[in-house]
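The data below hold one chain only, encoded as structure tokens and taken in the form predicted alone.
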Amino acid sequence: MTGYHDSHDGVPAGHAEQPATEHGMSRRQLLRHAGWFGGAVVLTVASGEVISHIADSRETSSGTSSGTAVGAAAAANGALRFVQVSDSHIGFQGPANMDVAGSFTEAINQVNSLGFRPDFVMHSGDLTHLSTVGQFDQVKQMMTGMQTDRVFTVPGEHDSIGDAGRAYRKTFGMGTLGDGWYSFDTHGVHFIALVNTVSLEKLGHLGNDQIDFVRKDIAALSSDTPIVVFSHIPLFAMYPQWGWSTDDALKVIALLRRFSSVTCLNGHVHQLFTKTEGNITFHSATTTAYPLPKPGRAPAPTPQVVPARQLKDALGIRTVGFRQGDRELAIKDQRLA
């Protein structure tokens, strides 16, 4: 659901859903991309940039959980704090995780135990595994349990199987444009949510309509406006051999070069990865469902079976914080374990 409040009535202003296109992902294409997935992360924005570090949910040496400490500091400064979760794959059945709904429930509980109430939660795609109405209803209902003011989403390729994303948009697309893209502003940060999973073969794809949307959307923004971009598939070439890239992303990246701080947050790859190119930093999130192999370390990006006691170490959430006047977002990745 895009920008819904607890009462499910929040919509990005000025947006109206457009008719679905007819180039949805087929089950054949889904099998080709079957390994992709991601996780949950908490981000804090400070001075206009995203500061990134990796941590688990264990306590720091001071005896205070690092999540609580970050939350308290952000609250004291009136900072923006939000959470990214990804790749819940509700409906998946397989030995890599026999209870993805249970894992997602644990992720939700972790969000609710951070020690602060996030300003919003973003689910960066693959909410479901097979795009069924029942799976969309289930994940929507589960996310109402998140203690936050708003929940935003972008679709993954598993959310648009065979119908060009129509079922996804019916459930989560109110107030969006085109295939489900939109933007919003809060705490001095401009957020852009992109869809690169509907018109794809080997790589993710944005398309000219969406690129034009970005061009017009940011035209009036000052170059010192912090920008955060959400997508499911990475907007950088993480591993194109497995489809972990977006074929026309450079057109959007070129539009964003004039801004002093740009942070791109994606799912899809089910593992943590960070890359910086000039003023733009890319952060891939982990998953709440099942791990995927490291790039090139397996014949294909298929779900990995690990010992049950190790599964939670591969899953997690991300928190993000930002304080106006800072130049970076503060990003912390937490394991479910």
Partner chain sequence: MSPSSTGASAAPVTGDAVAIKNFAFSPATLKVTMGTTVTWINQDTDAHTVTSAGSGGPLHSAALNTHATYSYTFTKPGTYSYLCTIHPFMTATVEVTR
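Small disclaimer: the values here were computed from a predicted structure and weren't measured. Residue numbers count along the first chain shown, from 1.
This protein has a second form, the form predicted together with its partner chain, left out of what is shown; the following refers to that one.
Proximity of 129, 158 and 302 to its partner chain in the model of the complex is complete: all three residues have a non-hydrogen atom within 4.5 angstroms. The single contact residue among 251, 117, 202, 215, judged by any heavy atom lying within 4.5 Å of its partner chain in the model of the complex, is 202. Contact with its partner chain in the model of the complex, judged by any heavy atom within 4.5 Å, is made by just one of 241, 141, 208, 113: 241.
Proximity of residue 92 to its partner chain in the model of the complex falls within the 4.5 Å heavy atom cutoff. For the chain shown alone, residue 188 is not a contact residue for its partner chain in the model of the complex, no non-hydrogen atom being within 4.5 angstroms. In short, of 104-112, 147-155, 222-230, 242-250 it is 242-250 that has heavy atoms within 4.5 Å of its partner chain in the model of the complex.
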